[in-house]
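One chain comes next, on its own, written as C-alpha cells: the form predicted alone.
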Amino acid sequence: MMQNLPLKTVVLGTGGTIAGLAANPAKSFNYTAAQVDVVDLIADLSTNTASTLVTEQVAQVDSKDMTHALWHTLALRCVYWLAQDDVQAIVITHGTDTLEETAFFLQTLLKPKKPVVLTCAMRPANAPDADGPQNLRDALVVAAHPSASGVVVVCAGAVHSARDVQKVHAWRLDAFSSGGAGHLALLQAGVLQPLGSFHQGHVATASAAALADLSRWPAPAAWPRVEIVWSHAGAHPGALQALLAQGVQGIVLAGTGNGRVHEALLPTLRQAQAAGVRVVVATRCADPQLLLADDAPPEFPDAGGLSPVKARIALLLELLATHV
C-alpha cells in the first residue's frame, strides 16, 4: 500500500436542482434541473477541507427521472473511487426527489466504511439565495470528519442516515427528515456537531457477497420488476392484477396505519404470494416502523421499518441476489 498519499475527496455530479438554472433568477421556482456541470459547482466554492477535490460528471438528470441503469453506473463509480487508497470520501450532488432512494440503494449495496455523502438543493444554482453552495460546503465538512462512515445525506445543516431519511416537504429548504430516528448530526456555521457515532447499521440482503460483485449483475433492463401498490379507501385489485399479469416479481404493499391492507386487495395478494411473487407490507405513514404482535405472525412479511420506496429497493436487491 502506498503511504503518505495526498488525500482526495471525489465529487460525483448527477444533476438535480443543485445544478439547475432559472430563466429568471428572481423567480427561482421556475427552473430547469441538471444544467450546471459539477466542476462548475465547486469552482467558486470556498472550503476549509485539506483534501484535494476531484470531480466527475456521472450523469446530468432531474432526479425524478432516476433509473436503475444510472444507479448501476453510480454504484460502479463509487466502487472504483472507494477502492483508491488516496480517496478519503465521496460526495454526490443529487436531486431531492429520489435522493433518499439513491442513498438507501448505495448504503444497502456497498456498506462503505469510507463516507459517501449525498447533498442537494431546493433552489437552482443561479437563484440569488441558492442553498446548494452551503449544502455542498457542509457535505465536504462531513466527508472529512474522522467519525464519518457509510452513506449519509446532508441538507439544510442536518446529517441524516441513508436508512431513515425521507423528503417530507415540497419546497422548504429543510425538506428532509429522519422521523423518530432523528438526524445524526447538525452543522452550525460550517462546524459539525455530531450527536453520536456516524457508524450506521444497514439492512441485510440475501447475498451480500453476490451483490458486491457488480460485474456479475444482469443488465439493468433485466432486473426483477418490483412495484409499490397502495392500500386506500375504495381500493380495487385491478391495478394489482394487471401487474401480476405483466410478470411482476415483487410487490410492496403500502398499507394504512400499522401496515393494514384493504380487504379488496387481500385475495389477489394471497394468490400472488402463493404463486411465488414476493409480497412485503410497509406503511404509508411518515414514520414507517410497524408494531407487530409476538403471538400472531403476519400473513405477509413486514418491511422491517422501511418506507415503501426503500422497502422496494431492499426487495429488489434481494431478488437480484438470486440472479447472479
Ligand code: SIN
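Numbering starts at 1 and runs along the sequence shown. Since this is a predicted model, take the numbers as computed values, not measurements.
What comes next is about the form predicted in complex with succinic acid (SIN), which does not appear here.
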| query | finding |
| --- | --- |
| The single option of K111, H183, R137, K167 touching succinic acid (SIN) in the predicted complex, heavy atom within 4.5 Å | K167 |
| Position in contact with succinic acid (SIN) when the complex is considered in the predicted complex, options P115, G250, G132, G95, heavy atoms within 4.5 Å | G95 |
| Check all three, S231, H236 and L266, heavy atom within 4.5 Å of succinic acid (SIN) in the predicted complex | no |
| Stretch from 254-262, 31-39, 50-58, 269-277 whose residues place a heavy atom within 4.5 Å of succinic acid (SIN) in the predicted complex | 31-39 |
| D287: touches succinic acid (SIN) in the predicted complex, heavy atom cutoff 4.5 angstroms | no |
| Contact of A162 with succinic acid (SIN) in the predicted complex (heavy atom, 4.5 Å) | no |
| Partner proximity in the predicted complex: G13 to succinic acid (SIN), non-hydrogen atom cutoff 4.5 Å | no |
| Proximity of C155 to succinic acid (SIN) in the predicted complex, heavy atoms at 4.5 Å | no |
| Within 4.5 Å of succinic acid (SIN) in the predicted complex: residues from 41-65 (heavy atom criterion) | V61, D62, S63, K64 |
